[in-house]
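Next up: a single chain in structure tokens, the form predicted alone.
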């Protein structure tokens, strides 16, 4: 099979046609999908109905070691989707009702409106994320992306000087609080220790260098905190200029795939107290992990 590719942005992002993840897919087609992701980093595959959770998981596993674990321990929560591979990115509780105003999960989920890279707070990073639209609200709730390869290439040479040697610390709880969530309890905090990664890395599928940043980025090793956060903020601002941003407008049944090692993304606001947004995500990692080491979000 030869898939169709419709570019959605001048620099990256594409819609793929001729692929239905609800059906068996041969390896030659998967090779084409991987090649498209290497070039575009963000790809959408549309369906008239969302794939089942099982179909979602099975396709995701074709793209790399699949994250399997527990959701982070947040006080007073129960699981809605009993699949260790799926991150529930909805605004629904375990009985399918929209979160109450005082639900801690709603506050933490709103932090996803900050620009971030999935799971950068792990030593073993996320590669591909696959988000499926089961129920989409009538307005708002787009997912925005920026290509961090294009961002790196657009930085003036003088601003690149010295960046490739810097190591950044990423903390899940830092971004949750920055996004308006409550301070974590000690029980919550121990489920997510921080991780360190190079600020600049080589994106192997495309052979291009990329910045590796996120709202989880809290400090730079060996740099005073105030100076580090000013530098991180400056680079984040540069990275989300309009020429770099693609906004995906959701349709029910969309499967949106992105490469976390080449992009940042964020959710955008919608009326999350009155409309359901049921999104479900799987995530691949750089290598397979033991379940005990995997706590997903």
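Computed from a prediction, not measured in an experiment: that's the story for all the values here. Positions refer to the first chain, counted from 1.
One more form of this protein, predicted together with a small molecule, exists but is not displayed; see below.
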Assert contact_stretch over 238-246, 47-55, 264-272, 33-41 against the small molecule in the model of the complex, heavy atom within 4.5 Å, equals 264-272
Check: When you measure heavy atoms, are 120, 197 and 218 every one within 4.5 angstroms of the small molecule in the model of the complex?
Finding: no
Contact with the small molecule in the model of the complex, heavy atom within 4.5 Å, among 171, 206, 136, 89 goes to 89
The one option of 281, 9, 22, 15 with any heavy atom within 4.5 Å of the small molecule in the model of the complex is 281
inquiry  = Whether residue 214 contacts the small molecule in the model of the complex should be assessed with a 4.5 Å heavy atom distance threshold; does it?
reply    = no
Checklist entry - How about residue 131: is it within 4.5 Å of the small molecule in the model of the complex, going by heavy atoms? => result yes
4.5 Å heavy atom contact, residue 176 to the small molecule in the model of the complex
no
Practice problem: Report yes if any heavy atom of residue 143 sits within 4.5 Å of a heavy atom of the small molecule in the model of the complex; otherwise report no. | Solution: yes
